[in-house]
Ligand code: AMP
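Quick heads-up: it's one chain on its own, the form predicted alone, in structure tokens.
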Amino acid sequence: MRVLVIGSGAREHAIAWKLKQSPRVTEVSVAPGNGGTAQIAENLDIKPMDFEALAVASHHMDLVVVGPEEPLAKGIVDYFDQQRIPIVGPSRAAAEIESSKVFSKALMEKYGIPNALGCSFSSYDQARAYIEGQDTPLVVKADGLAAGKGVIVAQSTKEALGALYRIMVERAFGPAGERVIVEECLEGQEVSLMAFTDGITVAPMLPVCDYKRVHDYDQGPNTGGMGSYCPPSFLTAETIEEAQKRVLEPAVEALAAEGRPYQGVLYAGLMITPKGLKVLEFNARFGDPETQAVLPLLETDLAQILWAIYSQTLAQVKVRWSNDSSVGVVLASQGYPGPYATGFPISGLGTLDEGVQAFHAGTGQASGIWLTSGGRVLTVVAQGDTMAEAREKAYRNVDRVHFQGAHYRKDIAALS
């Protein structure tokens, strides 16, 4: 099987790395890929939004896997289906469960999927009036895609109004801010639960916790993710089963009922509150950095699973997972998620312990030297029999990697 992975981050490096382990897979390409994927696959210099060029490059491929959200939101699966190229991922209509928070909330309300109390608005004045009448804290969400940064938790009315102004008036996230959702701020333990689905069968992955704020103890602005660990000890098998029955399966069934059948990876961001579990958000693809921590624990052939999703035979596949724990720590450039400089040499990648992975995101090479090229540079991931062992191993190896201004959180999995 020849597989093309679309994307350029650490998530896509992890997907390509896992596919390379499959006896079914003879060739892996990544478009456009990064410095890390170039070590294990063929990088194709094609941007994820260049559907026509990707389709031409995919005609000799047996399967295409989409990593990032934007191509899915813009209809890459629909385009490839028209070209009769096998591709794994939801259609544009189904991917709206991520690309429009307003649509997603309306879907949850219509089909009884538990979520936070709140309202959606297309009018700035109406949203402002609503905020002024609510208790705080509040969560203000841009409707569309905003690279994981369009959700602001406001501790005061002033802060909520400021977030609303940035989103709807200043258009900090562009067209994503044409509509907003204002919700109650849920309290509890947050967890992500991804699942493989062919539109009929839903096979949950292991639950994973990620860290969105840039600094330790959830301080500073939101990022695309600074690390993750898997599985959290606080989430019981009974709660996972409840999430499957009350969230994942109903969401897939609801999309089918709306004429938007869903095939691919469905990601549910959940809050385990004193009143039960509630959905924070849905994503229409593998999470980042969650995927980097989860995939090393997958024992079933990933290529087999992805083909079963495409061919709607997932019920015939037994998805098995390791009993180990996994911890991933993101090394970021100084200044991220704000402005940052790149081009700094990276040292220490050749000194990592056996079995520890450094999944690349913002890296490149010049004259054989690794260089930084992005905000999130690497995710160092380690496994162990216990979470404490996995965490110690991950940080021991993080400490061996150096580049100017390197920044990482030191509390990943500290309270797991």
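A residue's number is simply how far along the shown sequence it sits, counting from 1. Note that the structure is predicted; figures quoted are calculated from it, not measured.
This next part talks about the form predicted in complex with this ligand, which is not shown.
Colleague: This ligand is absent from this chain, but in the predicted complex, do 141, 151 and 184 each have a non-hydrogen atom within 4.5 Å of it?
Modeller: Looking in the predicted complex, the three residues 141, 151 and 184 all sit within 4.5 Å of this ligand (heavy atoms).
Colleague: Tell me, please, which stretch of 88 to 96, 277 to 285, 298 to 306, 317 to 325 lies within 4.5 angstroms of this ligand in the predicted complex when heavy atoms are compared?
Modeller: It is the stretch 277 to 285.
Colleague: With a cut-off of 4.5 Å between heavy atoms, is residue 212 one of the residues that contacts this ligand in the predicted complex?
Modeller: Looking in the predicted complex, residue contacts with this ligand include residue 212, since a heavy atom lies within 4.5 Å.
Colleague: Hey, in the predicted complex, is residue 116 touching this ligand, heavy atoms inside 4.5 Å?
Modeller: It does: once this ligand is placed as it appears in the predicted complex, residue 116 has a heavy atom within 4.5 Å of it.
Colleague: Find out whether any non-hydrogen atom of residue 102 is located within 4.5 angstroms of this ligand in the predicted complex, and reply yes or no.
Modeller: Although this ligand is absent here, residue 102 would stay clear of it in the predicted complex, with no heavy atoms inside 4.5 Å.
Colleague: Taking 4.5 angstroms as the cut-off for heavy atoms, does residue 190 touch this ligand in the predicted complex?
Modeller: Looking in the predicted complex, residue contacts with this ligand include residue 190, since a heavy atom lies within 4.5 Å.
Colleague: Taking 4.5 Å between heavy atoms as the contact cutoff, choose which of 271, 203, 254, 131 touches this ligand in the predicted complex.
Modeller: The residue from 271, 203, 254, 131 that makes the contact is 271.
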